[in-house]
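First comes one chain, alone, set out as structure tokens in the form predicted on its own.
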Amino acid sequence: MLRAPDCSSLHWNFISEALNELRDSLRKMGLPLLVLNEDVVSAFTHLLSAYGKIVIHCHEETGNAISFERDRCVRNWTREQGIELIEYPQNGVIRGLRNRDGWSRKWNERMNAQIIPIPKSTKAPDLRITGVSLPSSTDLEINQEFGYENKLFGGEKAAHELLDSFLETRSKGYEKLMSSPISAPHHCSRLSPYLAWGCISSKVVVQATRARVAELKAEKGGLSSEGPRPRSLTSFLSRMHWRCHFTQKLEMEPQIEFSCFNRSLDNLRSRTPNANLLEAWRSGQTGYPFVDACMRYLRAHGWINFRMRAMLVSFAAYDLWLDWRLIKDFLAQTFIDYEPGIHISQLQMQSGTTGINTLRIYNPVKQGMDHDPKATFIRQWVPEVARLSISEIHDWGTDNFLRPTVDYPHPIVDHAEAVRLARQRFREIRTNANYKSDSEKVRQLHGSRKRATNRPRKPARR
């Protein structure tokens, strides 16, 4: 698992911090944290040998193929040994669904369920196995390429502190300020890694947010100038619903980790990359200052806001015509909040391979002008162009521009021409009968069933 191609030291360091905090919390309850550094079935075999009888309690997980195979092995082993395995839901992802009918209702039922209180103390077991100290990412030989600054500290305490500060003040203007890489680090919840690695549950976040919305509405109609407005937190709640909506796709169709949602698009792009283009994108040397600034920020922090992630994928997919599978593991290693279901679904949606979504093509120059109009962010993360004027920085990626001499590359592709070719390729393939039938299959299996029921239907027009 930890040596998988989508895992990095970024993840393990965060998990280790959470486990160390868990160790302290358990100690106060009179319980130890036993750490075993071995295959999971081997670990349970040793526990069974030491205790004679065990019961396994765990959370349901929607992970990648490697974690699915691990879980399958554990289930087979428990059946063979006659051991009880109890799994608990941890979010709004529903096991065993065949389609999305009624899914939103089930999600709400999950979010409204009672939160199980933490016991203050319990009886400590007689330890018959000696554990090990938590190994470092170096000990485990995990990919060490990625690190980040101003890091978020793993653990439940940090998660609740972030949640509280977001609900009280930071969410003010969330629905507008979350789009810019300048304002998003403060005004976004920053809870995503804590949700991804199990430090806090979706249910806790949703219930706390709903309570805060009700409180704000009761305070002068929610119009206080000091704190956030209900609208901001309602927008955030839709994102919480969105997280589970996308993870549900992988739960229902694990094959999308390897294949396009619309199977007729599997060979749309070559899986043999143009190494120079891929490396320029990965290293933030594309010649598009805003794209490169976002990539460098991401590699330094392990996080960047959603809109900028979408732009980075759009640039790789449409400007560089790279297959989403060529960038999947790199981004997974880079994101501190890597969640396979969201990651894979979003990569495909932003690359146009679902067959049911509009092509989301971002103009990197316009995005820079919209979200970094003074080029402050670009100057910080692409210091090669820091001495240039605002117009020179934003015009760097445009045509017919006499670029000053600085140690920064010219654009590696022409955005307008690349997008023209990309749209043409999609127009051609959409005429294929297989594309249309495959798109309908995707819509039937994964399409949202959500519809505003409080609006009267408009009469049909001929």
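Residue numbers run from 1 along the displayed sequence. All values derive from a computational prediction rather than experimental measurement.
The form predicted together with a small molecule is left out here; the points below concern that form.
Participant: Between the options I142, V213, L195, C260, which residue brings a heavy atom to within 4.5 Å of the small molecule in the predicted complex?
Facilitator: The option sitting close enough to the partner is L195.
Participant: If the cut-off is 4.5 angstroms on heavy atoms, which of these, R282, R239, K172, K157, is the one near the small molecule in the predicted complex?
Facilitator: Residue within 4.5 Å of the partner: R239.
Participant: Thinking of W321, T354 and N357 as the candidate spot, does the small molecule come within 4.5 Å of a heavy atom on all of them in the predicted complex?
Facilitator: Looking in the predicted complex, the three residues W321, T354 and N357 all stay beyond 4.5 Å of the small molecule (heavy atoms).
Participant: Partner absent here, but in the predicted complex, which of 342-350, 91-99, 72-80, 289-297 has residues with a heavy atom within 4.5 Å of the small molecule?
Facilitator: Partner-contacting stretch among the options: 342-350.
Participant: Give a yes or no for L191: in the predicted complex, does one of its heavy atoms lie within 4.5 Å of a heavy atom belonging to the small molecule?
Facilitator: L191: contacts the small molecule in the predicted complex.
Participant: K249 versus the small molecule, in the predicted complex: is there a non-hydrogen atom within 4.5 Å?
Facilitator: No, K249 stays farther than 4.5 Å from the small molecule in the predicted complex.
Participant: Within 4.5 Å, heavy atoms only: does F306 come near the small molecule in the predicted complex?
Facilitator: Taking the distances in the predicted complex, the answer for F306 is yes, it comes within 4.5 Å of the small molecule.
Participant: State yes or no: in the predicted complex, is some non-hydrogen atom of H371 no more than 4.5 angstroms from a non-hydrogen atom of the small molecule?
Facilitator: Close contact is absent here: in the predicted complex, H371 is far from the small molecule, nothing within 4.5 Å, heavy atoms only.
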